[in-house]
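In the block that follows, a single chain appears as structure tokens, in the form predicted alone.
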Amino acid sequence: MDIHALQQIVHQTRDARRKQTIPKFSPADRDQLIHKHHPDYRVSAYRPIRFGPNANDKTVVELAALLEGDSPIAESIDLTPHFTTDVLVVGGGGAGCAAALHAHGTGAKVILATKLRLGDSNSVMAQGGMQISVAPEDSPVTHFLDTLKGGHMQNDHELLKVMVEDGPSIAKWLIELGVLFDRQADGNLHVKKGGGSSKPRLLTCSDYTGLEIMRVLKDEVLNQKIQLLEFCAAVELLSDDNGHCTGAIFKDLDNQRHVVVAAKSVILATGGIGRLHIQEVPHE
């Protein structure tokens, strides 16, 4: 069917479609539909974790299988470190680059490892901006309360407190590095009203905020000459007899060899868990 025939059908049915009414659902009807059809709410999509620190906690079956699966590392692998560092950052997106830069700024020796190239991450896809209380009529307290409401009081209060209080200083840090946030005619930061916020606090770089932030963070990591392990996917964490993380084993995707990195501290900034769309575990 060509485009002209489709346009004719749309035109001929327009009046009838305008008269259609959208069925109204009660909250009970809505919940029934969600639990019947939405994969995140199907009881069969969840099961308890069988062992470990999270034993008996429910999660999606795919994640449970990963957590309980056998290590991909053979017992005979040589664990002699190829690299030794103070801080090992796993992940080359916005969080990983920021963590590496802050650790480097304290004088620590840093290695940043990423499974692709530096900056190849979902951070570049963040279009809408970042909410930070920088407007004169706003405050971290208001930001805290708005976020509590938006999170239905399920937020980690301590983590949220740190995020809203540190937000303005992080915005200042990004600006000093060179991030070009949108400005008003007088040169002040332009803040927009974001979803769930009672005050304008959305900092943007047009509609490519994440791309702009990653442009600057990536360049700064390279400028600071932080050691990179690109195309190295983390396959196992290392630990000592006390259970403290002491590094990681990576798979070099270029030559299919394992790379062992020993570190005093390890920061996981790998993202990815959001793709599992884990929501509230349904009741039996």
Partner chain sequence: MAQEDTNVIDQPEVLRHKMVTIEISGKKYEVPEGITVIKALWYSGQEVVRGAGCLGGFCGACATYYRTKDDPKVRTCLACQMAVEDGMSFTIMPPFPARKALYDIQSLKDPKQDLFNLYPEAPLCRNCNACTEACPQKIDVREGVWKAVFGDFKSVSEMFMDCVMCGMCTPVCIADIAPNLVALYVSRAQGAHFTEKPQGLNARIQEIQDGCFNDEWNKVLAMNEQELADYCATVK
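Residue numbers count along the first chain shown, from 1. This is a predicted model, so every value here is computed, not measured.
One more form of this protein, predicted in complex with the partner chain, exists but is not displayed; see below.
**Q** Please state whether all three residues Leu6, Ser169 and Asn188 have a non-hydrogen atom within 4.5 angstroms of the partner chain in the model of the complex.
**A** So, yes: the whole triplet contacts the partner chain.
**Q** Among Lys109, Lys161, His82, His102, which has at least one heavy atom within 4.5 Å of the partner chain in the model of the complex?
**A** None of the others qualify; the residue that does is Lys161.
**Q** So which of Val90, Cys205, Ala98, Val87 reaches within 4.5 angstroms of the partner chain in the model of the complex, heavy atom to heavy atom?
**A** Partner contact (heavy atom, 4.5 Å) among the options: Cys205.
**Q** Taking any heavy atom pair closer than or equal to 4.5 Å as contact, tell me whether Pro140 reaches the partner chain in the model of the complex.
**A** Heavy-atom contact with the partner chain at 4.5 Å: present for Pro140.
**Q** With the partner left out of view, is Arg17 within 4.5 angstroms of the partner chain in the model of the complex by any non-hydrogen atom?
**A** Contact with the partner chain, no.
**Q** State yes or no: in the model of the complex, is some non-hydrogen atom of Glu176 no more than 4.5 angstroms from a non-hydrogen atom of the partner chain?
**A** Contact with the partner chain, yes.
**Q** Does Met125 reach the partner chain in the model of the complex if we count a contact as any heavy atom within 4.5 Å?
**A** Contact check for Met125: yes, within 4.5 Å of the partner chain in the model of the complex.
**Q** Counting only non-hydrogen atoms, choose the one of 57 to 65, 249 to 257, 236 to 244, 32 to 40 that falls within 4.5 Å of the partner chain in the model of the complex.
**A** Careful reading of the contacts points to 249 to 257.
**Q** Within 4.5 Å of the partner chain in the model of the complex, which residues of 203 to 217 have a heavy atom? Give them in sequence order, or say none.
**A** Heavy-atom contacts to the partner chain in the model of the complex: Cys205, Ser206, Tyr208, Leu211, Glu212, Arg215, Val216.
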